[in-house]
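One chain comes next, on its own, written as structure tokens: the form predicted on its own.
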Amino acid sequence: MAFVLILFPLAMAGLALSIPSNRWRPVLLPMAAAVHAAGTVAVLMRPEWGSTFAWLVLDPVGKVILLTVSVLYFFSSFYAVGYLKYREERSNRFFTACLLAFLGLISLAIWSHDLGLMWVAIEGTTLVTAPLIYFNRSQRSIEATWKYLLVGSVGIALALLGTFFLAYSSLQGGFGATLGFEDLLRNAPGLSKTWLRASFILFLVGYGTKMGLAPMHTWKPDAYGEAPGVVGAIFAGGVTSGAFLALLRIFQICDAAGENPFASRLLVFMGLFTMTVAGVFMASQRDFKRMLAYSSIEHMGILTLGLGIGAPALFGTMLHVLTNGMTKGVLFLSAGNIHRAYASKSIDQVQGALRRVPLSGALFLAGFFAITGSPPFGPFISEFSILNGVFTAGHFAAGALFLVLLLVVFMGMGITVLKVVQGRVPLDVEGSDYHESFLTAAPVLAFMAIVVLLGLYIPAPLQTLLDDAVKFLGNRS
């Protein structure tokens, strides 16, 4: 099953490059997404299919990440078809191929139980997602693409150095140089603590750059601001989830090695610092797509904080991977529709979205309440679980700061969102011929339905999946 989920999208990417029709090429996206979603459901129902080789294993944590990416990609693929219909003047050959290649490479990263192979897969996602940012081919989009490549390359290079240090810690412990996850986990108590700590720091900085943790977040506002909305959704819920999985791996090894206090302190600090930076920049943001970038930065901070707290917050952390990804689907896709309707991202020009594009405007507003942790939406449950874990673990100062930062983000983000959805539609926009279509509206509704469902009820199979992930991460933390 691993080969189906990894190789089929890559084969479809090659097919996309060979198809001459700009009109029919995007149809490959939902086709690949449907096969990937079916394969994901199959492997979740048949756990024995989750182990192919020693270096390709779908463990309980990987299952949560795979489910998040597969669902996000499935609905986004239909939106992409609708979006590309509005962009018939531009070739979508590389756009379609890169989106398909991303699905295969992120699946490889999720299945990888060799940390060297995982690094290769995540580096691959960097290379295939860069052209997606440049799709509009403007001066700002090329600048954003280069910034993404340069900053991301530095980060991924540090992650590679951390991977080498991890193998050397095994060598120094007398086990031989290995990057096999099971081997490292089994031998963790005997690993060289000095080299393991150095490896963790480099993993945190390297893969933290990919996630968008402060102060390595500088690529994110430009990339999210210039990329099409569907690409922003893939970045915020897919690319970041793959990088977070790498952090989960190294954290689990440190935990098994008895280095939990060291790793947890760094994670808690980075999480709160990232949330602070996001809150500060969000307060004065006039570009609503860049605002969503800072929202993504904030939620990467929340995930990092939850991981640092450990066992009491792990359930909420794993649930938040899913709820954040689905809510980002609502926000980025509805923002993409609003952007198309107004041909602007500035709140100086974008006003009255509830009148101009009623469905997207309403969903954008609802997505704002969801992502800021308001009931009855999914992120409220996951964020509350993390907050409860923070206080249960006795981190009262961190918990208080967490609450304050959530309030700051709510107010800062609310100012921008309300200006977008309220007010009168500018006269030069009223005559615009853009209208929401089924393909650009239905996926956003589907994401919102999932977000509401997760806020009201967690299905039993998902509850089991999350519980298994928490148990796999271990209760030592």
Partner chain sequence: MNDVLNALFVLILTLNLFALGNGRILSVIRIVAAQGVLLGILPLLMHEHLTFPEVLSSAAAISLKGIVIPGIMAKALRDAQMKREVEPLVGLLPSTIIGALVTALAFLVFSRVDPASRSDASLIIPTSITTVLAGFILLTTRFKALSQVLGYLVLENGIYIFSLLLVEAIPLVVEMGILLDLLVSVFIVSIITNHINRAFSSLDTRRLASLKE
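Predicted, not measured: the structure shown is a model, and the values here were computed from it. Positions refer to the first chain, counted from 1.
There is also a form predicted in complex with the partner chain; it is not shown, and the following applies to it.
- Stretch 167-175 is the answer when you ask which of 167-175, 379-387, 336-344, 266-274 has residues with heavy atoms within 4.5 Å of the partner chain in the model of the complex.
- Residue contact check for Phe281: one or more of its heavy atoms lie within 4.5 Å of the partner chain in the model of the complex.
- Within 4.5 Å of any heavy atom of the partner chain in the model of the complex lies no heavy atom of Asp255.
- Shown alone here, Pro312 lies farther than 4.5 Å from the partner chain in the model of the complex, counting heavy atoms only.
- A residue is said to contact a partner when one of its heavy atoms sits within 4.5 Å of a partner heavy atom; Gly104 fails this definition for the partner chain in the model of the complex, lying far away.
- Contact with the partner chain in the model of the complex holds for none of Met31, Leu56 and Phe74, as no heavy atom of theirs lies within 4.5 Å.
- Checked against the partner chain in the model of the complex, the candidates Ser153, Gln351, Ser374, Asn260 yield a single residue with a heavy atom inside 4.5 Å, and that residue is Ser153.
- Taking a 4.5 Å heavy atom cutoff to the partner chain in the model of the complex, the contact residue among Phe95, Phe200, Phe235, Tyr294 is Tyr294.
- Contacts with the partner chain in the model of the complex, taken as any heavy atom within 4.5 Å, map within 196-229 to Pro221, Asp222, Glu226.
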